[in-house]
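Just one chain follows, in the form predicted on its own, and it is written as structure tokens.
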Amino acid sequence: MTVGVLAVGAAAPSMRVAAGDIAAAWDRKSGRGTAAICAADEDTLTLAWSAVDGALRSAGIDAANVDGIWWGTTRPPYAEGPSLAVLATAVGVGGHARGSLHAGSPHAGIDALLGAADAVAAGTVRLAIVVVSDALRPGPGSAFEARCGAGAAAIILGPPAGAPASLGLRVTRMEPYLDRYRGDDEVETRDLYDGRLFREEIFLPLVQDVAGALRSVEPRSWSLPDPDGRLGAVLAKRVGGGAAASASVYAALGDTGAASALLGAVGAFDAAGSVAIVGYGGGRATGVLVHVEAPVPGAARVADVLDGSEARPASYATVLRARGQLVPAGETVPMGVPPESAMFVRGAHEMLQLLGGRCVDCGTISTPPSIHPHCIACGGPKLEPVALAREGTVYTYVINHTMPAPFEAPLPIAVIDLDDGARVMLQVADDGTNVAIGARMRLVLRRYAHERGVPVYGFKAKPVKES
């Protein structure tokens, strides 16, 4: 059964580092392009949320109508925990939704796509979100470090009738070879043991076999893996596809792991023709054809998301601090309550779905409802939960220039009047230079802290880019 592609979205983190700067720190001459780097409050989950948010808005689909979510990443935020449930809740997908979390290798992104497609084809779900995201963490000084990036892509799948694109041929090959990997007790991904062995006997034979099966269809565009900055071009030449659409994504963001295959393809969904997607990782290579009949909603915006115009340049030292590989000495200030406590259990939906309490009597929205159980306007005791607006205007703000670890100064906090009349006070995902009274803000999911070994998420305000 054919599966339709209804919309796509993409996301990139807020920092960029020149590959040459990383290479220079280790007295190497190589290093081309840039790598996208997560700030301290960004990770694979916040990137996934941003990509899904963009896809849903492009499609005009309410997340409450989605009944499945599949997520692929090599680095889920909880090594063992509610990663998928936290993402689904933050996105707005109901607790009834089906789905799964795929991890274990960069092939997890393709696994998520095929798992969702099979569920839609089988009629198990009607609308499915596929989201792939990654934020690779290499060892300092490794040859792979200058190419390690971060990013996310989302695809909404559904019935084929009226869909602008659909999934077609798929082919998979696998071999039990070890290349890049992490041990059970390791945080950084290891680099290749033998680059030439990987190229000639592992990567090229496996991926060429898959790409060759797709070549007969004569795709208009290709998304090809490029693990070292050169093999992508070699593959493109051998399959006769010209420059791959994914080449510009690798140059701008670096290797985005499980997200790379789809992230290199979704921008090509803006014109009719077949797009061939080839993903690789963990000894597996899979190719998927997408037949585009008309521009897919969201595809035209991908280039703007990835171009880095809103990203801030980062030094190598900033990258190491953001990844937690350069840590200041001294005591940190722990949270008063652990993330598994009753407060977090009872407030999880309030924080992740950004809920307010609307007064049944006068309609005023009180925030947060757990702190204001009665209406702040009329004192009425009857409040109903309501999702808050995602944009608003700064009423007032303050910038903190001295903060205890693990917080970093400057830390702006703003009081924002949302478009639905609610007023919230939130951290600003910026250094404060773009904050002003009357400035427009959009609320985005970010990581607030990493406490007792697990992340804690909530919403922050981000300045809206002027058109």
Partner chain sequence: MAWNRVAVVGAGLIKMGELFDQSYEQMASGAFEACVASVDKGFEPRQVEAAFLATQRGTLWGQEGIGGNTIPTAIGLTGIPCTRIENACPSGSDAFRVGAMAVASGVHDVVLVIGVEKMRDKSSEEGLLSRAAAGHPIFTRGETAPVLFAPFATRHMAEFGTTREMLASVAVKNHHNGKLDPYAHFQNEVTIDEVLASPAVCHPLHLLDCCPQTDGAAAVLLVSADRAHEFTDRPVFVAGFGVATDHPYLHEKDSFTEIKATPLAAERAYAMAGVGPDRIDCAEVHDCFTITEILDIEDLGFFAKGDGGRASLEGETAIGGRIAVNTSGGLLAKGHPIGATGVAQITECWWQLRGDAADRQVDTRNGYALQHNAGGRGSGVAVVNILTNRRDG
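Treat the numbers as computed from the prediction; the structure is a model and nothing was measured. Positions refer to the first chain, counted from 1.
Quick note: we don't show the form predicted together with the partner chain, though the next part is all about it.
Screening 310-318, 288-296, 371-379, 246-254 for residues having heavy atoms within 4.5 Å of the partner chain in the model of the complex returns a single hit, 371-379. Checking A40, I413, I61, A439 against the partner chain in the model of the complex, a heavy atom within 4.5 Å turns up for just one residue: I413.
Interface residue remark: V456 is counted as part of the site for the partner chain in the model of the complex, having a heavy atom within 4.5 Å. Proximity of T396 to the partner chain in the model of the complex: non-hydrogen atoms within 4.5 Å are present.
Heavy atoms of R423 reach within 4.5 Å of the partner chain in the model of the complex, making it an interface residue. In the model of the complex, the partner chain sits beyond 4.5 Å of every heavy atom of K29. Taken together, the three residues A24, G141 and D228 lack any non-hydrogen atom within 4.5 angstroms of the partner chain in the model of the complex. Taking the partner chain as positioned in the model of the complex, none of the residues of 158-173 brings a heavy atom within 4.5 Å of it.
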